[in-house]
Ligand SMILES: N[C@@H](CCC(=O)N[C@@H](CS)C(=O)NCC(=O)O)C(=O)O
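Let's start with one chain on its own, the form predicted alone, as structure tokens.
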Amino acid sequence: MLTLYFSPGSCSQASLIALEESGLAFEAKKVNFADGEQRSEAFLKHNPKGRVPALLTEQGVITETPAILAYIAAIAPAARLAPLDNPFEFARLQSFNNYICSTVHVNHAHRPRGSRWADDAAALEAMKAKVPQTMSESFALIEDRMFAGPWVMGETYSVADPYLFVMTSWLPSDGVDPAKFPKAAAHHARMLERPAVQRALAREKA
């Protein structure tokens, strides 16, 4: 059985939602960041990066959200979570998810995780001050050029949707009003109506 290591409210939420959508049997194990559990010897055996998500499979461990989302879609083809039969469309989905991973998530991380890049207090404050701008610029690009609607890829729901959902949910804490981006805000509301999303959020609160 698959086992997903996750932390509530983190990017691992996207993988948790995707698993709920997939119909696959899985176990979800919560990693308590407040207690530093991600740095424990037991967890580092699974993911030496000390981060979530980490997906344990019969073949080994997969880390990094885009990889996990693509893997879930590939092993649950009946759920139609990715255009697996269309190389171009699948690459377009991967392009979106990798933009979220490499740019949007990194923009966000400069607020709560600035110590990854600097130790100087002034530098940390400068990074935090920049986050509303960088997140807004990223979401403007998503809103205007990357989001097809009503789902990320168009008419068909995919594993890109839970990833965008997570990023949109972070906007208020990053000093950005989601209402500035009506397509993303409507998408977030649409996601909240999905039973799989509701189940994933319930797991996080349990």
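All values derive from a computational prediction rather than experimental measurement. Sequential numbering from 1, following the sequence displayed.
The next section is about a form of this same protein that is not shown, the form predicted in complex with the ligand.
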Residue (of W170, Y157, F147, F181) lying close to the ligand in the model of the complex, criterion heavy atoms within 4.5 Å: W170
Option from 149-157, 171-179, 37-45, 133-141 whose residues, in the model of the complex, bring a heavy atom within 4.5 Å of the ligand: 37-45
Contact of R111 with the ligand in the model of the complex (heavy atom, 4.5 Å): no
In the model of the complex, S22 touching the ligand (heavy atom, 4.5 Å): no
Contact label in the model of the complex: F33 to the ligand, heavy atom within 4.5 Å: yes
H105, heavy atom within 4.5 angstroms of the ligand in the model of the complex: yes
The ligand in the model of the complex - contacting residues of 1-27, heavy atom within 4.5 Å: S10, C11
